[in-house]
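Listed next as structure tokens is one chain, alone, in the form predicted alone.
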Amino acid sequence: MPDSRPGTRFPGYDVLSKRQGPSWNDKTREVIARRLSTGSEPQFFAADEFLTVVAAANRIVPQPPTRSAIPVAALVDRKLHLAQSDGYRPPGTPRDGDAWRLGLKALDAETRAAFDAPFHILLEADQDVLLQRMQKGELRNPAWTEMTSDVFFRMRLARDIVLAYYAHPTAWSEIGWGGPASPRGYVRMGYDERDPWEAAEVRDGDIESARRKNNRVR
């Protein structure tokens, strides 16, 4: 659903309006349909692990209450369930699924040691402190074993959460991206030029002009 709030850069733009048009091919439609049908029940994470991932995703990519939320944790879960990986990992780092389980176990140990409670019920400020310390590599509970907390944050937690967020059409509409440029591609390649099937950004405060253009994007 497009975000038409005052201040949005691409008013009225909905990348899904291109779904049945010439901009996308059948493969793109198939991939997007799978993402949009992602269920809310975890298939890889245990229930308590999933609650932690949901809470962490809410702090790393907070979402506006004015639209349906992107199911970030569920998208990460599906990727792990299907064993889809980047194809590489730093030396000494477990495979993606194993790294996630180890990292969540270590985060839970850190949280219970500091607050005597699971991560997902902490105050947001306390969750942020733990995530910031993880990012800096300052969490050193023995549960981390040979994987340092900063590597888990950089290579799995933050990376997979941000990638999941920006893999969803709702995020594409927010940033004015049209999705894969196949088969239609782009014609106007010069600086600041725009094809009529691309999102229009607000210029000089003229929201309605951008909205009219975005309503015609197919």
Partner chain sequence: MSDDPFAAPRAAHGRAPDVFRPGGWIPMRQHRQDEPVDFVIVGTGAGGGTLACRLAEHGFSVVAMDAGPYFRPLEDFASDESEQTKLYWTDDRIVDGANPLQMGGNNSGKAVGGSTVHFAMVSLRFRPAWFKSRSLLGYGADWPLDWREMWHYYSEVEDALKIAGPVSYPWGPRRPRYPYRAHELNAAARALADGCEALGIKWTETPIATLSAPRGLAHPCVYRGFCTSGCATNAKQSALVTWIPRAIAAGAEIRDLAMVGRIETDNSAVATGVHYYRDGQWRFQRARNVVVAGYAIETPRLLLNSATGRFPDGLANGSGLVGKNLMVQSNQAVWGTMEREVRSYKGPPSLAITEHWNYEDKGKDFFGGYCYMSQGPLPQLWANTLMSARGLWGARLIEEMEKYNHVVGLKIVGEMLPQETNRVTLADETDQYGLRIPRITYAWCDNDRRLIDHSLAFMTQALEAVDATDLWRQNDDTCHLNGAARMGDDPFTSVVNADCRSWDVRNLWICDGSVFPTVGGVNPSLTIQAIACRTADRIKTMAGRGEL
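Source: prediction; values computed, not measured. Residue numbers count along the first chain shown, from 1.
As for the form predicted together with its partner chain, it is not shown, yet the points below apply to it.
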(message) Is it true that L51, V54 and R101, all three, sit within 4.5 Å of its partner chain in the predicted bound form, judged by heavy atoms?
(response) no
(message) If we define contact as a non-hydrogen atom of the residue within 4.5 angstroms of the partner, is D206 a contact of its partner chain in the predicted bound form?
(response) no
(request) Using a 4.5 Å heavy atom cut-off, state whether T145 contacts its partner chain in the predicted bound form. (result) no
(message) If we define contact as a non-hydrogen atom of the residue within 4.5 angstroms of the partner, is P42 a contact of its partner chain in the predicted bound form?
(response) no
(message) Within 4.5 Å, heavy atoms only: does P65 come near its partner chain in the predicted bound form?
(response) no
(request) Select from the listed residues R112, R89, R140, K105 the one whose heavy atoms reach within 4.5 Å of its partner chain in the predicted bound form. (result) R89
(request) Could you list the residues in 123-148 that come within 4.5 Å of its partner chain in the predicted bound form, counting only heavy atoms and keeping sequence order? (result) D128, L131, Q132, Q135
